[in-house]
Ligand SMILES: NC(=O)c1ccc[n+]([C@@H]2O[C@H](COP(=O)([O-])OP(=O)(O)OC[C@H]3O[C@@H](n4cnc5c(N)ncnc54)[C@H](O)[C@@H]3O)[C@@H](O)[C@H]2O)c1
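There is one chain below, alone, in structure tokens, taken in the form predicted alone.
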Amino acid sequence: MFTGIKNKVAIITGAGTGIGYAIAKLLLENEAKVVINEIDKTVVESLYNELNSQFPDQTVLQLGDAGEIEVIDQLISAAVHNFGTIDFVIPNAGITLFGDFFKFKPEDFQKVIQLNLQGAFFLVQKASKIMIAQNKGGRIVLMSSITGIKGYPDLTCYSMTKAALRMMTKSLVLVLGPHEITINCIAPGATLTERTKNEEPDYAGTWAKLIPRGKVGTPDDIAQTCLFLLSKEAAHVNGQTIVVDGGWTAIGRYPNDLQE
């Protein structure tokens, strides 16, 4: 459906499950080559067996915490060493920690900041230097959230990081645009993933009642949007945040509203 994906090299963090996995799988199906990062060793091992059997010689898996500078350097090296180039960067890895603002601990704050912001900032910094040296442009897609647009109970720290990624997107068009590198952002709404299923058993049923479309999003909804932003067809889309939420931010109702 979209062009400019085949044989391109992507780095995706937090891609063992959920949205990151859906993006990686879609890129591989479109004949891209992908360096996949995941922190869970068990997930990485099973993921490698699955993807390598379906897409031989298209996938490299890199274990580690995507918020750590050492791991970011390893991802950059893996892409260049195995595939010779970097074309797409998707810093998808993130952590959500709910907590009362007045009781939130400094160590939890640092944990969220390190992965959600430091991980994205320095992966983009290091990868874009490679892209500029290559002199053939590139695509960067950050992963924000609807909680970076509208307030949500007990998610102040997380929401701050997701709002910051939207501003990072806007700011970097000034330095990356002249090099034909676009940077955009996706803000997913309620999306049914392994994590959200664990957070709430009837996640899909509850949120379906709150979303104008009448259903929650899927990882593939986000992956398809990401594929567009990486494609040639999105060459003139730059510095934007695309909300993929079925219309939730238009009204902003919350689960507690269902109890009234």
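Note that residue numbering follows the sequence shown and begins at 1. Nothing here was measured: the structure is a model prediction, and the numbers come from that model.
Although it is not shown, the form predicted in complex with the named molecule is what the next lines describe.
Practice item. Report whether the minimum heavy atom distance between Arg195 and the named molecule in the predicted bound form is within 4.5 Å. Key: Close contact exists here: in the predicted bound form, Arg195 approaches the named molecule to within 4.5 Å, heavy atoms only.
Practice item. Please run the contact check for Arg139 against the named molecule in the predicted bound form: heavy atoms, 4.5 angstroms, yes or no? Key: No, Arg139 sits far enough from the named molecule in the predicted bound form that none of its heavy atoms falls within 4.5 Å.
Exercise for review: Could you confirm whether Gly18 comes within 4.5 Å of the named molecule in the predicted bound form, counting heavy atoms only?
Suggested key: It does: once the named molecule is placed as it appears in the predicted bound form, Gly18 has a heavy atom within 4.5 Å of it.
Point to revise | the named molecule contact at Glu31 in the predicted bound form, heavy atom, 4.5 Å | key: Flag for Glu31 set to no.
Check your understanding: Based on heavy atom distances of at most 4.5 Å to the named molecule in the predicted bound form, which listed stretch, 143-151, 117-125, 166-174, 77-85, is the contact stretch?
Key -> In the other structure, the partner sits against 143-151.
Exercise for review: Sort through Gln110, Thr96, Thr156, Gln134 and report the residue having a heavy atom within 4.5 Å of the named molecule in the predicted bound form.
Suggested key: Only one listed residue qualifies here, and that residue is Thr96.
**Study point:** Heavy atom contacts to the named molecule in the predicted bound form at 4.5 Å, residues of 203-230 in sequence order
**Key:** Residue within 4.5 Å: Tyr203 only.
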